[in-house]
Each structure stands twice: as structure tokens, then as C-alpha cells.
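Below you'll find only one chain, the form predicted on its own, shown as C-alpha cells.
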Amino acid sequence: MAARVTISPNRMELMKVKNRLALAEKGYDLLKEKMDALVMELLNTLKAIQKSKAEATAQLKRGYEALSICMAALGTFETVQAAAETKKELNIDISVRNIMGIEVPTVQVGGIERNALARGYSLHMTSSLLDTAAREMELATKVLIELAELEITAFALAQELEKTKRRVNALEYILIPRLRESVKFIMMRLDEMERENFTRLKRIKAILEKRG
């Protein structure tokens, strides 16, 4: 109610407040649509994360099983030594894509899946079991990078959703009700002023008629 003190009850002010109300309601509708779209996008991303986590878990299991078999056959020391000789560089290209105004990363990694020659360890001192373990771990790395990209995307979407939700709530429960109350107050005061003017004019007319 305190906000009404600053309102001048005239038709110009009424037009201004009505315009502000229309703009607020339009903004509310747009933000509500954005919020609904963000919810759908986030749900789809979370489903993709769930699927990617299952793939990562299964792939890591295959990788550790292959590594255990390799260690049992080749020997732990020899396997660790071969791993130390392996080339560990990855070509990572991180770019940005836009989802409803939100920038999320896109990760492109080259050189994850390599052949035995490209890995760097000696082929004479190792066996195909090491190649299998290396390949399975390379595939696990690829899936984990894809999972990380999805999780970062989900985090960015969740942040934007929370921000949009706060703005929607502020419009729905604070600004729009205040503007509607202001419109109602100004119209009520204008009606009162018109009635007062009408009464005053009737009184003046009656006085003039008596004098006449």
C-alpha cells in the first residue's frame, strides 16, 4: 500500500502504469516459455547423463578387466613399464555452442583411439593383451569426456533455470500484482474525482439558478 503514495492519480499516470503492466505480463509469458523449454532441455540432458554414466561404468569395467588379464599374463611390472612409455598427449579442442542464450562447451578430442604403433610402447616386449587393455581404456576415456561435457551442460542449464525461475516469481508475485493494484487505485481515484467534479458542478449550477 505504501507504493501508492508516490502515484499521481491522473490519466497520464494511468497510461504509463498500464503500459508497464502490459510489458511485465509479456515478459512474464516469454520467461515462462523459456523456463518450460529449459526444464525440457535439462531433463533431456539428465537422461543423456544417465545413459552416458551407464556406458562409462560398463566401459571402465571392460577396461579394468582387460588390464587385470594383461597384468596376470604379462606381469604387473611389465604392464606398468609399458604404460609409462605410452604417449599421453591428447588433442583437445573446446568450443562453445549456444542453447537458448546459454553458452555450453563442446569438446572435440582427437587421438584417443590409437593403434599399437601410435601408443609408443615396445611391441616386441608386450603382447596383444596390452593392446586390448589400452584400447578399452582409450574408449573409457572417450566416454568420460563425453560425460563431463554433458554434466557441465546440465549445470549451466540448471543455473539458468534457477535464475529464470526467480525472475518469473518476481514478476508473478511482486511486480505484476503491484502494477495491477496501482491501476486499480488510479482508476478508483479518477472515478472519485469525476464524482466530486460532477457534484461540484451540480452545486454551482444550483447556485447560479437561484441567483438567476
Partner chain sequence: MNVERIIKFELGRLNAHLPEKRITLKSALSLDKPSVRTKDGKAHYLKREELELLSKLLPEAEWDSLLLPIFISLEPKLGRGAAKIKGTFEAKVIGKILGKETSGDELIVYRPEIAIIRRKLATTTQYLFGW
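Numbering follows the first chain given and starts at 1. In this text the structure is predicted, and so the values were computed from the model without any measurement.
Just so it is clear, the following notes concern the form predicted together with its partner chain, a form of the same protein that is not shown.
Here is the short version: of 90, 80, 72, 100, the single residue with a heavy atom within 4.5 Å of its partner chain in the model of the complex is 100.
Checked against its partner chain in the model of the complex, the candidates 166, 26, 61, 184 yield a single residue with a heavy atom inside 4.5 Å, and that residue is 26.
Remark: residue 32 counts among the residues lining its partner chain in the model of the complex, judged by a heavy atom distance of 4.5 Å or less.
For residue 65, no non-hydrogen atom is located within 4.5 Å of its partner chain in the model of the complex, even though that partner is not displayed.
Interface residue remark: residue 106 is counted as part of the site for its partner chain in the model of the complex, having a heavy atom within 4.5 Å. Its partner chain is not drawn, but in the model of the complex it has a heavy atom within 4.5 Å of residue 44. Of all the residues from 149-166, those having a non-hydrogen atom no more than 4.5 Å from its partner chain in the model of the complex are 149, 160.
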